[in-house]
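Encoded as structure tokens, the following chain is the form predicted alone, with no partner shown.
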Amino acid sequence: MDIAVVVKLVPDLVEELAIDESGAALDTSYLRLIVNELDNHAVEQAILLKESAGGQVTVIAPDLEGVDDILFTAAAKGADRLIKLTGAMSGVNNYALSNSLAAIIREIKPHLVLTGVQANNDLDGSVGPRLAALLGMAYVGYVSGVTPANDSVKVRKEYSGGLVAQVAVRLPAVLGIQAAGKPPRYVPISKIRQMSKTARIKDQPAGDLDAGNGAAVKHMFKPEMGTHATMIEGEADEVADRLIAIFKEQDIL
């Protein structure tokens, strides 16, 4: 089974995010990018499928700072081909990214396309559904496990309320991964460095990154801070009486 995995780089939300002078984008001067967590699960799911059913795994990522390390890490896990989408990739939205990815995937002709079901910087929908529409493939999202079955795959799909369904999907198809069948494996830095000397990354021009029909950010701002919590002090009976008074003021009681 040949599998293509689409990987995005997203802002590290652990770091402090700053807005640039335009007021419509993040300041990239000190912005740290990391692999999207759910895309990392998509890579792991692809490797698990390769280990169980054979085949080849191709990982595709846009050319942004740190992408080489991410691709070499995928190779250290077991990916066979690494493709870097080159061009003016900074600030590219999912609409334009999907168009370029679809062109590459048509050349690769994989049986299965995996991507994280969403990313923390998605503004105009996730990449998976639009890729499926462009490629004319079926799409299933919020997948938490994939099992190969001849010319189809059985996917474990989660619904709200703790409901889980098993869905048979005929190949070729696109899946939005929420969680791999197993947690993403740890790769030692020494192995990643070794891969950086032996693995080859193919540069693939992104072509015309037309973002005209995607979402446009007009203004960004930090959420306004609301009122602080009121701490109620005193003995248990005093605190209980105060809580009852507050509930009555709010028409809860």
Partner chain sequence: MSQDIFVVIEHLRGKVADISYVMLAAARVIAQATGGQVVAALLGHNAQELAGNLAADRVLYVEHPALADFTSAAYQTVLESLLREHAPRAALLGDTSIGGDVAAWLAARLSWPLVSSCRSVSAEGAVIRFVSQTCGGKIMAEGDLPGPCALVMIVPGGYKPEQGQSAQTPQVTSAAAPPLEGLRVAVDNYVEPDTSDVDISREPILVSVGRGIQTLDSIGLVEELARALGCPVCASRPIVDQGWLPTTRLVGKSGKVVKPRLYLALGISGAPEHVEGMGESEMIIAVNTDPAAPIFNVAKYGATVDLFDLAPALTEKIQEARRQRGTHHGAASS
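Think of the rigid core as the biggest set of C-alphas that the two forms share within 1.5 Å after superposition. Everything numeric here is computed off the predicted structure, so don't read it as measured data. Positions refer to the first chain, counted from 1.
Omitted here: the form predicted in complex with its partner chain. The next part is about that form.
Undergrad: Taking its partner chain in the predicted complex as the reference, which of 121, 90, 147, 86 has a non-hydrogen atom within 4.5 Å?
TA: Checked against the cut-off, the match is 121.
Undergrad: Can you tell me whether residue 158 touches its partner chain? I mean in the predicted complex, with a 4.5 angstroms heavy atom cut-off.
TA: Residue 158 belongs to the contact set for its partner chain.
Undergrad: My question is simply whether residue 224 lines the interface with its partner chain in the predicted complex - judged by any non-hydrogen atom within 4.5 Å.
TA: Judged by the heavy-atom cut-off of 4.5 Å, residue 224 is in contact with its partner chain in the predicted complex.
Undergrad: Using a 4.5 angstroms cut-off on non-hydrogen atoms, would residue 53 count as touching its partner chain in the predicted complex?
TA: So residue 53 does not count as contacting its partner chain.
Undergrad: Using a 4.5 Å heavy atom cut-off, state whether residue 37 contacts its partner chain in the predicted complex.
TA: The answer is yes: residue 37 has a heavy atom within 4.5 Å of its partner chain.
Undergrad: What residues of 7 to 35, in sequence order, lie within 4.5 Å of its partner chain in the predicted complex by heavy atom?
TA: Counting only heavy atoms within 4.5 Å of its partner chain in the predicted complex, the contacting residues of 7 to 35 are 11, 13, 14, 15, 17, 19, 26.
Undergrad: Cα of residue 14 displaced 2 Å or more between this form and the one not shown, core superposed?
TA: Superposed on the core, residue 14 moves its C-alpha less than 2 Å between this form and the one not shown.
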